[in-house]
Every structure is written in structure tokens, then in C-alpha cells.
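Take a look at this single chain in C-alpha cells; it is the form predicted alone.
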Amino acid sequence: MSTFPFAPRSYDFAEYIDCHNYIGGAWVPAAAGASMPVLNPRHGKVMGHVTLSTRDDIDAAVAAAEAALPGWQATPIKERAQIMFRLKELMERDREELAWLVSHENGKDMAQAYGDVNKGIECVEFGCALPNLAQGEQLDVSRGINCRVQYEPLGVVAGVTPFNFPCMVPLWMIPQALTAGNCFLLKPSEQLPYSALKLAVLLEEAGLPKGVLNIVNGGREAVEALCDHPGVSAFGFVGSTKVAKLTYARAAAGAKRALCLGGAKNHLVVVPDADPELTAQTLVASAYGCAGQRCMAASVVIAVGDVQAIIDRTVEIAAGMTLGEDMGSIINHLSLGRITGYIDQAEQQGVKILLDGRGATVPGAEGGYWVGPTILDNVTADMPAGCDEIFGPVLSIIRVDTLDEAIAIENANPYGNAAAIFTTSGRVAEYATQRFNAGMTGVNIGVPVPREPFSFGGWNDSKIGHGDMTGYDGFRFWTRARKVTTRWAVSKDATWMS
């Protein structure tokens, strides 16, 4: 069995291994031999290199999956689920190692890295329960006639996952797809491939047959090859809206089932009766968790009326954060430049900068990519800081007089991932949540992520395709329903319906 232990247990820089493709149970370099460096963003140093796949590598991975598919499909679902039980145990055993690996390749602080791993374990736990949900339905629909539904795998399926949750997001897909009986091709972000590597090692240890899971590393060419390959039956994607639309169109053009999750511009509406401390603490946790690099991060506070005390407290809490311990780094220098560019532009447009994270550094990690917590006041909804997805630790404040104005601003933005209301009034909460144009809404919750079995998925430009990615919706995405109608004898009292 392959073992690639990650020993570091501190934020100090550490080199790691080169990451190859995992095809048919073997670790192999790309056919063309190309690779790129993998950076530790906290330090801006190279941890190792990752192979860059071409269409030849995708062909090899699909062939390996197709070879493994008959045996895996023939395995009863309860036995397939046992692999997930063992994976859960192994992830719990190696939880600390996984968290440190996430921190080193992504730049997260350890609290957020543990959150990534723990949520991934929860997704695996849901996969363990799928035999209890996959029974289908049956009914005697007429005299002597029975109809039943059974959920069957699609075959070889693929998923492309982003940099911001290298452990959790692959596990949005893998447990449902594999337990359903599919063979899976994973293309993780080429910027941080190591969490996916570790998951493959653990699944191998859990007893997953060779070829059932294959990992193909790389960039655009690998993604396009997965979209185009006739041997891939379904395609899942999580990333930016621009790429989600492109990959959905490309996969759908090949008659694939596709579900592609995109970006967000989440609004948290604060009204005067909101609990001051709860609201301020929650705004900070939402905006700056994962350095704002998550699609569920609060990026806009819509302040309704006089909530200045809450704004002041939010600034105070955010200013007290220790960069490098309470919040991690930005993923790379391009993202760093984009984020600071938005702050520069907002300043030029006359917004008030209540907290400025530009130029931040962390002792001992001066070469890393850092932006401190930033708060922009008096932003308008048409400014780039008020409508673009910045994907960084920047919180914009838009001020309005009424709740209806706030709801109108939320509903006018093209995204529909998440929105929340902060209030102590049940009536106000119900009024807002039923009018937000977002797939995931919250009350006094800064990150309204549904927990399994409730599924994850936004609306509008935040999701391209039908259904949701996790929960029972995820299982149904990776399966197709076979309807079986049976009759064994002529009924003496048959009617026209039979």
C-alpha cells in the first residue's frame, strides 16, 4: 500500500513529495512529463511539484475506471458502504495529519483546517448511511401490478474541485458516487493536490479496489478532457461562476449529466434589533474564516438604520485578530494582487476604510501572501466592492434605511448562494428569509451551510445545473432511476387500469 506521511506539526515551512496521478491503484507521472510547483502560501515557498495531465492521461484513467466498473457495480451497496465506514475511521485516526496537510498546502489557520477535515468526515458519514436511503419505493399500483424504483450507478463519473476546501469538497462527491456504484475520476486543484493524494491513500487502506477511484492532476487541458471524454457519464464542478458556465456547457454538449457550482456575493442584513455581540462576532467569523476564500463567506453587510454600535464592535473584534493565527494566508500572489486591487479601487471611489489589511505581514512568514481583515464603509451596490466576488478578507458595508431596500439589493445581485438576516424578531426573520433570492438562507447565522442530509447548493449564477451537490440530492445526481413494473398473473377482477 502507498504511504505518504506528512510529519510537520507546526506552521514552519516543510517540503513534501512530488504528486503524481493515481491511476488503476498506481502513482504515475503524466505521460507528457510536465509538472508545476506546489506552493505553501503561508511562506510563498515550493513544497513539491504536481504532474500536469493531458488527454492521454485522462484516457488512461477512464480505461482503468472502466476495467474496475463491472466488479464494483456487482458489489452490494452495503458492502460498498463498508469502505466508507473504514474511511471515516481512518480519517479520524489521521485527523491531525490531514489538518496540518491542509494548512500547509492551503494556508489556512489550524482551526479552519480542522473544520475542513471535520466537515469532510461528516460527508463520509453520510455516505455510510446511503444503503438506508437507496431502497427506492414500491407500490401495488393496480390489481396484480407492482411498480418499484431502484437507483443504479451511471458508470464512470468525474469531479473537479477547487483550492479552498481541498479535503471537504472532494468528499461532497466521492462518498455518494462510490457508494452508489460508480467509478470516480477526481481532478483536484492543481494548486494543492496533497489532500486528494492523502484521501486516495486512505481509501486504498480502507480496501477500495484498484481503479474505482482515479486522480488526474492538472489544469485546463485535464478539465476539458474530462468534459469531452465519451466514457465519462456525469460531471461535477465547484469553482468560479465563469468556469462553471463553461464546463457545464462543454459537458452538456457531450450529453453528460452536469452540475457546476459557481461563485457568490453573500449579503448579511443587520437590523437595529439584532443582538449586538452575537451579530458582531458572527460577522467577523463569517467574513474572515478561511481568509474570506469560501463561497459562503460574508462579503457584504447591509446595515439597516442605526446599527452603528454593531459596526463599531465588528471593527473592534476584527482589529484584534492575530494574522497567521486567527486567520490564514491568501492562496497566491495573483489573488493577493486582485484583493488589494479591489481595496485600492474602493478607496479611490471615496469609501471609508474602517480597517485596512493591505501590506500586512506575519513574523517568520514574510514571504507569504497576506491580507489582513479589511472593512469598507459607505459602499454602494454598484461599486465593484459591492457587487463583485472579491474572494478575500474584505467586508463591504452598504447602508440603507429600510429592510425592503436591503432585500432589493440582495435580490438584484446575479448570485444566489447565501443570505442571512440578523434580528431578534421572528416576524422580521420570516419576512426576510422568504424574500431573499438565495438558495441557502440563515437567521443569525453567518455561514448558513446546510448539514447532511440537507443538501448544499445556491441559486442563479451560483449554480449551473439541476439539483444540489451534497446530501440525498448528491446521491441522486450520481445515479439513474430504473422503474420496474411487474405482473405475475391475470387478475380475475382486473379493470381497465391493469
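Start at 1 with the first residue shown and count on from there. Predicted model, so just to flag it, every value in this text is computed and none were measured.
Here the subject shifts to the form predicted in complex with nicotinamide-adenine-dinucleotide (NAD), a form of this protein not shown in this document.
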Revision key, fill the gap. Only one of 239-247, 401-409, 104-112, 197-205 has residues with a heavy atom within 4.5 Å of nicotinamide-adenine-dinucleotide (NAD) in the predicted complex, and that stretch is 239-247
Check your understanding: Between the options Thr279, Ser189, Ser299, Ser329, which residue brings a heavy atom to within 4.5 Å of nicotinamide-adenine-dinucleotide (NAD) in the predicted complex?
Key -> Ser189
Point to revise | Selected contact from Cys295, Val270, Ile83, Val157, since only one has a non-hydrogen atom within 4.5 angstroms of nicotinamide-adenine-dinucleotide (NAD) in the predicted complex | key: Cys295
Point to revise | 4.5 Å heavy atom contact, Thr423 and nicotinamide-adenine-dinucleotide (NAD) in the predicted complex | key: no
Review point. Taking the shortest heavy atom distance, is Tyr342 within 4.5 Å of nicotinamide-adenine-dinucleotide (NAD) in the predicted complex?
Key: no
Exercise for review: Using a 4.5 Å heavy atom cut-off, state whether Gly218 contacts nicotinamide-adenine-dinucleotide (NAD) in the predicted complex.
Suggested key: yes
Practice item. Classify Phe126 as contacting or not contacting nicotinamide-adenine-dinucleotide (NAD) in the predicted complex by the rule of any non-hydrogen atom within 4.5 angstroms, answering yes or no. Key: no
Point to revise | Partner contacts in the predicted complex for 156-178 (non-hydrogen atom within 4.5 angstroms of nicotinamide-adenine-dinucleotide (NAD)) | key: Val160, Thr161, Pro162, Phe163, Asn164, Trp172
